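This document starts with one chain, in the form predicted alone, laid out as structure tokens.
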């Protein structure tokens, strides 16, 4: 099993990515030591690179993978975007704030965006990709699965809310799954 550091402190994200990658001979692991990146880019790829470079400083693996993702709502001019995790203090507060800001909006189109960057131990970019999952913002939360904005995101291709999908269903259509599949295909050819 080939190990790759995943530049995150979120164990749930590691579990989700390992579920998506289960058919590959790869295991993603948490960074060794302190992981406190400064995300100061104005785009998803740039912030993913900030995380990857930070985790590469004391990586125990040859490659480091980082992602940056967020929800971009058309009627809010792309907000919350790169600030999705900092839109409010908690997941519930972020959802409430977004629904409040959407209360008078007819255009409810939105997309989840996921950028992924692979670097080596020197912090050099080896591969990058950005993928999306199209949908719309629901009027109220539905479903028990997922995390973050999943309870208010309607996935057009599945005709269900993201939080109504099983982990396996989500692992096939999500923005993170699409980006990770690009990374895994690159890894298959380059490791």
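The structure displayed is predicted, hence computed values, not measured ones. Positions refer to the first chain, counted from 1.
Unshown form predicted in complex with a small molecule; subsequent notes refer to it.
Undergrad: Using a 4.5 Å cut on heavy atoms, which of 27, 130, 39, 164 is close to the small molecule in the predicted complex?
TA: It is 39.
Undergrad: For the chain seen here without its partner, which of 53 to 61, 122 to 130, 135 to 143, 149 to 157 has a heavy atom within 4.5 Å of the small molecule in the predicted complex?
TA: Of the options given, it is 149 to 157.
Undergrad: Closest heavy atom of residue 85 to the small molecule in the predicted complex, within 4.5 Å or not?
TA: Close contact exists here: in the predicted complex, residue 85 approaches the small molecule to within 4.5 Å, heavy atoms only.
Undergrad: Although the small molecule is absent from this view, report whether residue 178 comes within 4.5 Å of it in the predicted complex, heavy atoms only.
TA: Although the small molecule is absent here, residue 178 would stay clear of it in the predicted complex, with no heavy atoms inside 4.5 Å.
Undergrad: May I ask whether 7, 10 and 94 each come within 4.5 Å of the small molecule in the predicted complex, counting any non-hydrogen atom?
TA: The answer is yes; 7, 10 and 94 each reach the small molecule.
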